[in-house]
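In the form predicted alone, a lone chain appears below as structure tokens.
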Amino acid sequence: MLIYIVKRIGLAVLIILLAVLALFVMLHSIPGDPVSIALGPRATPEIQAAYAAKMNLDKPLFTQFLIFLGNVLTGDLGTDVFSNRSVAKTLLGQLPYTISLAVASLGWAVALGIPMGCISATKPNGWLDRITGLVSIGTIAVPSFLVSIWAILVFAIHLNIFPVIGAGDQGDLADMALHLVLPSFAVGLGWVGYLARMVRASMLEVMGENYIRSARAFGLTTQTIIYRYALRVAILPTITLIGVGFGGLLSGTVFAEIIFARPGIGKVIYDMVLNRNFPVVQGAVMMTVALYAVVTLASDIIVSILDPRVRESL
């Protein structure tokens, strides 16, 4: 088990390093002079030279990459161009909002998707299976920003049940949870179909195993067989999908944070791109990649604990 965890950690570090390299290449492939973009056309040559020296832009590309890589590995994500504040501190202040939104969205997807998959697997190709399949495809097809708009129109404006703007009063957990309902539903609804389809396929495969036939022969009820025996095995691929899908949820939070005017890393990226504040943008991208790698690593470790056969695959 320890060897497997070490290998997975090494793979996660490699992914982060490749992401650093890709981000560095993309930033230096953007047309135009980064100094002129950051300071504007009216900056004097002296100011431009000082800024280039401060940002290490006057050094060779390989040296810039080594400096950039060293800063990332030590947690130094750079300095905000306009406020001269540490990018890491700025993003860490916004990170809890994004994580809470992603986790709540994942909660919607799990709470709706897994039961739908189990219901579909009880009577495959029946009318209930066809209805849940249609609903699953519908949730996959509808984009999150469209769900956000309709959620605002129906539940906030027409029914006046949930608030729309902001993240709620700090310290008031009930108010913050209430502000989290609509954006998390809009982001998580798209993953309901993926989880439902995955659980259904896994359940149908498991239901044909010998130990399931033995459980039926002993007279156990269908609900007991599904939820106590079959689901424990069928849930393993779904856990992996949840880890991979967490990255998709993070990208979906960008639209929700913009539409619902919530604080978060996605909103920061959107604002900083408009302001051409590239140090903050690249720091936010790196923090998102690191978070995605950690969640994927955690899901792989959980699956390896539940199914020891996975440890031999790496």
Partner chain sequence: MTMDAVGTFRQRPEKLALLLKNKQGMIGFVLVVAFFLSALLAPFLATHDPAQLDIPARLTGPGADHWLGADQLGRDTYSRVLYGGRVALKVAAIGVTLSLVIGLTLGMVAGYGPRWLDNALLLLFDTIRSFPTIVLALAAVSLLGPSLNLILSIVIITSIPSYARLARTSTLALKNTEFIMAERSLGAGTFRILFRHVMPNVIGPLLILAAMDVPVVVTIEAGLSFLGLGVLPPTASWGTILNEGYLVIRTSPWPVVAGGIPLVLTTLGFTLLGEALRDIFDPKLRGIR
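Whichever C-alpha set is largest while still superposing within 1.5 Å between the two forms counts as the rigid core. For clarity, every value in this text was computed on a predicted model and none was experimentally measured. Positions refer to the first chain, counted from 1.
Only in words, not in the display: the form predicted together with the partner chain, which the text now covers.
Trainee: Among A121, A104, L112, M198, which has any heavy atom within 4.5 Å of the partner chain in the model of the complex?
Mentor: Of A121, A104, L112, M198, the residue with a heavy atom within 4.5 Å of the partner chain in the model of the complex is M198.
Trainee: Is I302 close enough to touch the partner chain in the model of the complex, meaning at least one heavy atom pair within 4.5 Å?
Mentor: I302: no contact with the partner chain in the model of the complex.
Trainee: Using a 4.5 angstroms cut-off on non-hydrogen atoms, would F68 count as touching the partner chain in the model of the complex?
Mentor: Heavy-atom contact with the partner chain at 4.5 Å: absent for F68.
Trainee: Applying a 4.5 Å heavy atom distance criterion, does L11 contact the partner chain in the model of the complex?
Mentor: Close contact exists here: in the model of the complex, L11 approaches the partner chain to within 4.5 Å, heavy atoms only.
Trainee: Flag M207 as yes or no: does it have a non-hydrogen atom within 4.5 angstroms of any non-hydrogen atom of the partner chain in the model of the complex?
Mentor: Result no; M207 lies far from the partner chain in the model of the complex.
Trainee: Are there residues in 239 to 261 with a heavy atom within 4.5 Å of the partner chain in the model of the complex, and which are they, in order?
Mentor: Counting only heavy atoms within 4.5 Å of the partner chain in the model of the complex, the contacting residues of 239 to 261 are L241, V244, G247, L250, S251, V254, F255, I258, I259.
Trainee: With a threshold of 2 Å on the C-alpha, tell me if L146 counts as moved between the shown form and the other one once the core is superposed.
Mentor: No, because once the rigid core is superposed, the C-alpha of L146 moves less than 2 Å between the shown form and the other one.
Trainee: Is there a C-alpha shift of 2 Å or more at S136 between the shown form and the other one once the rigid core is superposed?
Mentor: Yes.
Trainee: Indicate whether G93 shows a C-alpha shift of 2 Å or more between the shown form and the other one, with the rigid core used for the fit.
Mentor: For G93, whose C-alpha is compared between the shown form and the other one after core superposition, the shift is less than 2 Å.
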